Structures are given as structure tokens and as C-alpha cells.
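Have a look below at one chain only, the form predicted alone, in C-alpha cells format.
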Amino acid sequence: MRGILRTLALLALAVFIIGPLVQAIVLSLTVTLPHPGVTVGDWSLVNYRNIFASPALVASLGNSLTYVTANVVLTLSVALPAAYALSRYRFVGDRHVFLLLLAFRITPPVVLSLPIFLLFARLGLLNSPFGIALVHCLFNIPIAIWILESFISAVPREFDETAFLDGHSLPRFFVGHLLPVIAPGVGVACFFCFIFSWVEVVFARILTSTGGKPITMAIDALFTFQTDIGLVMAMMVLSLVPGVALIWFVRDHIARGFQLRA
């Protein structure tokens, strides 16, 4: 009896999670507004064709991929050395710095929206994917340092000392020896940076008022007096593809990373 209840509970959970996704895919393949050559209610790829026929929608996909990639690269470039320093060296206030980084991460983004808008306007970074990538780094670097510091701390110090005794410099040891060992941690950090940056809306809305709009803002702009729901669902399905691809390629690192942290 308990086995049946558990199976029913898992099925209900699967339907609850997968149901909206299936509905979105079905609607993305359904004609919801009149278009030449098709009838409302027909199954068609017209919604996907309309996406690639729209320069604004295609540009939004490129903008999102650009700033998310830049954000992940910049975040890891800063977080990896910082996490190593916090893990291996002791200095006055090191733990306080660590806590301040985490406290900054839980600051509501909207609190910083006006100062960041004024600063970026002065620097000419508005309506630019690079500007969004920079501001996302402010929030992703603390969480990436927190994740990577715990993975580096799990590596014995003797591992570093042995490499240095063998004549490896710090950069060579870092790239050739340490990074492969903490690859699961890097995968987990990449995963969280990507997810936060890909779905973030507050700064994307504020910093892209006239151009450089990411996919979230492009979807938001599709809601008008007569919304083409099929087109909106097609954009939503396409927006899932990069995230699913990332999870697929780093799934082993993510799984190992969560196991090690547990």
C-alpha cells in the first residue's frame, strides 16, 4: 500500500512539474492568431518561423547568450583566485570579508537599481549586454566564491605543497592541478551563475530601455492588446534550450558537486 501511495505521489509531482512545460510546447506548435496559409487552431511551426523572421527576437537570443557567457567567464575569473586566497591564507578580517560577501548577495537587487543605473549611464554601459553581465557579476561573484571556497578547502594543503616542491609555479599549479580536482565545484558555480543571469529581470528591464534587450524582456514585450500566445510559448521553449544544454553537458560535475557538498 505504501508503495502504491509513493508511486501515486511521484506521478502527481511529475504531472505538476511537467504539465505546464507540455502545455507550453503544445501551444508553441499551435496557431493562436491568424497568419497567411494557416488557420487558427492548426498545428504548425509558424510560431518558430515568426521568431526567426523577427530581427528583434533573434537579437534578444544573441544578447542573452552574450551577457550570460560574459557573466560566467568574468565571475569565475574573479571568484577562483578569491576563493583560493580565502581558503589557503589567513589575514585579519578574512572571515568577516567572507560574511560580507554573502550578506551582499542577499541584498535585494532593486535596492541597488538606481545607483547602478546612474553609474552605468555615466559610463555609457546602458543598453549593452556587457553592462548586464557586469551588474550580474556583482551578485554572482559572492555565491561563486562561497561555493568554490568550500571545494578548495576540501583539498588537503599537502596537495599544493607537493606541487610547489615539484617546481610548479602558482598559476601552473592552479590551472594544471587544482582546477581538474575542483571541477565539480566549478560546474556547480557555473550552473548557479547561468541560472541567475538567464532568468534575471530587474536589471535587464532597467538597463535595456531602448536596446540590447535580453530574451526575458523580448518575451515581456510580446504581451500586447492582442497577444500571440503561440509565439510567446515558442519563445519560452527556445529560452529553455541553452539551460537544458548546459545541464546536459555539466550534469556529471553538478551531481558530483552536490554530493561532495552534502
Partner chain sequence: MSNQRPDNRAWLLMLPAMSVLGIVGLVPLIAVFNYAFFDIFTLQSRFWVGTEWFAELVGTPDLYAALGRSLLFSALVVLVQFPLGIAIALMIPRGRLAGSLVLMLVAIPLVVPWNLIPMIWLNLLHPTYGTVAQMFDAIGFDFDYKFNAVHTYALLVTVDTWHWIGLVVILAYSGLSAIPPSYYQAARIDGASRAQVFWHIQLPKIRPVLLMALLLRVIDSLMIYVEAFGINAGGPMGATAFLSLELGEEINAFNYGPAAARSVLYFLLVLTVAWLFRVAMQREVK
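Predicted model, so just to flag it, every value in this text is computed and none were measured. Whichever C-alpha set is largest while still superposing within 1.5 Å between the two forms counts as the rigid core. Positions refer to the first chain, counted from 1.
Below, we refer to the form predicted in complex with the partner chain, which is not included among the displayed structures.
Of the listed positions (L148, V72, L86, L178), a single one reaches within 4.5 angstroms of the partner chain by any non-hydrogen atom in the predicted bound form, namely L86. Of the heavy atoms in E161, some are within 4.5 Å of the partner chain in the predicted bound form. The partner chain is not drawn, but in the predicted bound form it has no heavy atom within 4.5 Å of G124. When the partner chain is considered in the predicted bound form, I229 lines it closely, a heavy atom lying within 4.5 Å. Put simply, L57 is far from the partner chain in the predicted bound form: not one heavy atom of it is within 4.5 Å. Contact check at 4.5 Å (heavy atoms) against the partner chain in the predicted bound form: none of A53, A183 and G211 pass. With contact defined as any non-hydrogen atom lying within 4.5 angstroms of the partner chain in the predicted bound form, the contacting residues in 124 to 149 are L134, V135, C137, L138, I141, P142, I145, W146, given in sequence order. L238 is not among the residues whose C-alpha shifts by 2 Å or more between the shown form and the other one once the rigid core is aligned; its shift stays under 2 Å.
If you fit the rigid core between the shown form and the other one, you'll see the Cα of S169 move by 2 angstroms or more.
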